[in-house]
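There is one chain below, alone, in structure tokens, taken in the form predicted on its own.
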């Protein structure tokens, strides 16, 4: 192949999202009302989500049309390029062919606006004035700020405290798009006040920030809540990435043997991997690897059971891999992966053996990230670096075994706002952290028993 980058024209951009719920190998267990233990209905979700998103959450239709207005906005940056990582291949001296789908070209620099724009659109269509949300590393918060600015909506972002101070430029980006961002836990909500009372020095977590954002939405009549990962409709919107990859791989005359992505809540990983899951279920020999940090190993060390999606227990119960809603991860620099649970859809496929979980320490992923930057030129987000580390390991296995496999990386975002973490790594200041088994056991003991 002579092309370094494979492009699609705007006319070739997918016009429908793919809904994996039509093709699951086992039934997805419904969200439950924590008070009654019964499946929740649309009326339970209506106070925090617009009805069209609730319909998408439960839809069994394989294809969901992308509205024209969303397609028009997508064209600001979509379709995104698929790169052949030729320089990385040379550095590794591997016979493997490595590609990466570059979602860093979006205005906020990540995959997140694929769903942020869609969620802002559906909220605006139902007359919502204001949206509340949480963010870890700031990629989701900045993406939603971008989306709400396009539709004239107000946006309040509760950003995990440790990331709020580690990554100030994401906060500035949100402000530039008109959003109001504060560190979480905060004193502005009852759930935040309660957490600060019990843990005044907490670094915060996505579970805590979700509690604050959900409470904000539930206590303001003009406000809805938007989530950047985990839920079915979020993953649905992200599948445009994988659908584009399928078209681009055909142009390249190639087909993946291994797909690697990073997993926090699961939206990036699912978005580019799910369009290939059906191929694997239909018999294709395909390895699908989800990479997470050892500091927050929900798939690798968690339990597949019902749990709350937030710390304050305000959300419905979701059947997912979880470390326990009270679990507080160490303040590693991959803030977007510091979530105690994982998408129910991703979790089900891990449980079914379709997706292979893998975990790494942060020093190893930063080493891989710098090799990628030195060869391919793009500095990846720390979250994205987990996928790169997984792909490098697979490419080295190909070298050892003299196998010419095709590896595709979900390149979820650039690290231009994460340079302080690179500085810390290069100065030898980063510490690897693996959560003690007894602490995970302690957190899981607080998970509801159904």
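Note that the structure is predicted; figures quoted are calculated from it, not measured. Residue numbers count along the first chain shown, from 1.
Same protein, other form: the form predicted together with a further copy of the same chain, not shown, and the subject of what follows.
Using a 4.5 Å heavy atom cutoff, none of 16, 280 and 289 lies near a further copy of the same chain in the predicted bound form. Of the candidate stretches 235 to 243, 259 to 267, 86 to 94, 203 to 211, only 86 to 94 has residues whose heavy atoms lie within 4.5 Å of a further copy of the same chain in the predicted bound form. In the predicted bound form, at least one heavy atom of residue 78 sits within 4.5 Å of a further copy of the same chain.
In the predicted bound form, a further copy of the same chain lies within 4.5 Å of some heavy atom of residue 423. The shortest heavy atom separation between residue 354 and a further copy of the same chain in the predicted bound form exceeds 4.5 Å. Taking the partner from elsewhere, residue 122 is found to have every heavy atom lying beyond 4.5 Å of a further copy of the same chain in the predicted bound form.
Put simply, of 166, 300, 313, 326 only one has a heavy atom within 4.5 Å of a further copy of the same chain in the predicted bound form, and it is 166. The contact residue chosen from 378, 196, 252, 182 relative to a further copy of the same chain in the predicted bound form is 378, the criterion being a non-hydrogen atom within 4.5 angstroms. Taking a further copy of the same chain as positioned in the predicted bound form, the residues of 139 to 153 that bring a heavy atom within 4.5 Å of it are, in sequence order, 146, 149, 150.
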